[in-house]
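Okay, so here's just one chain, in structure tokens, the form predicted on its own.
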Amino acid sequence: MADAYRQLFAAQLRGQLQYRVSFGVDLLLNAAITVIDVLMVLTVFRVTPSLAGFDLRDTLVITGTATLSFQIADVAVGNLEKLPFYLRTGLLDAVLLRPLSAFGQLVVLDFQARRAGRMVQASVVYGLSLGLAGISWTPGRVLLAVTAPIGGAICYGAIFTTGAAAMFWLIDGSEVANMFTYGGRDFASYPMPIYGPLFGRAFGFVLGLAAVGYFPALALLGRTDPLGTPGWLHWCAPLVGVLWAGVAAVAWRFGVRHYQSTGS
């Protein structure tokens, strides 16, 4: 079965590399998009020296972690946001007839290699932010610096998947899903204390987006949380992605099992 996915992935990659100039331009443009997130942070700090007690270097660690997490998830499963198109055209019906996982096929069939440029650029930003922050490195912090973007990526990937599963019931509900995916990326790029109590708790604690960038940054920087959360919670942030993955798996399977075809 793994060989079938490998061949589908290789076919997609070969097709996209047929026009190499176009692919190279797309790759560079996608890489440049990530810089916009950093420019937005720099613009904010032109008018203020700190955000809720976090200076530019601290905030860049949060932004770098959240941006890299999101870009990894976007490269891996971001094409699931096209599920409404697959439903309308009946492509999902064809996918379900094959003896392979529908989720695996959808991820591989429309894999966009050009998005890898965003991930490379985000990795550079993340590395620079860690280097500029003056972190007192320990083995635990090195491990957290590696696992935090992976845990965050799983968290975002699960949100992509849950949003796609919701499309089995929503008509043209892509904007609703985008509110949690792209909105969640922007939310996680800044310190949580800048948000209002209701909004911050809903996105930060209920959706778990505080665990994407804010909590790992507190642990890496050795700071206490102005919101009063315990220090051990900051080190457990990558585990939130595992919990989210379980929720997304249940939502996706429920959606697929209750899908009744387009009828075309």
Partner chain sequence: MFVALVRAGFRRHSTYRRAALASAATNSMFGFLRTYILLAAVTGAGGTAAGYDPASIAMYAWAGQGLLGVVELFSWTEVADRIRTGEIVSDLQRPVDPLLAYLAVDLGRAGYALLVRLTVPIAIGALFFPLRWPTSGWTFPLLAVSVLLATTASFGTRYLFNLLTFWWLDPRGPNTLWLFGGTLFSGLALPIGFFPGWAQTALWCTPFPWMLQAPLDVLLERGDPLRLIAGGAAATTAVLALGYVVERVALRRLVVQGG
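Residue numbers count along the first chain shown, from 1. This structure is a prediction, so every number in the text was calculated from the model and none was measured.
Below: the form predicted together with its partner chain, not depicted.
Novice: With the cut-off set at 4.5 Å between non-hydrogen atoms, does Phe168 touch its partner chain in the predicted complex?
Specialist: Flag for Phe168 set to no.
Novice: Can you tell me whether Thr224 touches its partner chain? I mean in the predicted complex, with a 4.5 angstroms heavy atom cut-off.
Specialist: No.
Novice: Just to confirm, Tyr182 within 4.5 Å of its partner chain in the predicted complex by heavy atoms?
Specialist: Contact check for Tyr182: yes, within 4.5 Å of its partner chain in the predicted complex.
Novice: Taking any heavy atom pair closer than or equal to 4.5 Å as contact, tell me whether Trp232 reaches its partner chain in the predicted complex.
Specialist: No, Trp232 sits far enough from its partner chain in the predicted complex that none of its heavy atoms falls within 4.5 Å.
Novice: Between the options Leu143, Leu128, Ala94, Val176, which residue brings a heavy atom to within 4.5 Å of its partner chain in the predicted complex?
Specialist: Exactly one listed residue reaches within 4.5 Å, namely Val176.
Novice: Three residues, Ile36, Met40 and Arg46; all within 4.5 Å of its partner chain in the predicted complex via heavy atoms?
Specialist: All three within 4.5 Å in the predicted complex.
Novice: Of these, 61-69, 216-224, 232-240, 23-31, which stretch puts a heavy atom within 4.5 angstroms of its partner chain in the predicted complex?
Specialist: Of the options, only 23-31 has residues within 4.5 Å of the partner.
Novice: Suppose contact means any heavy atom within 4.5 Å; which members of 191-214 contact its partner chain in the predicted complex?
Specialist: The stretch touches the partner through Ile194, Tyr195, Gly196, Phe199, Phe203.
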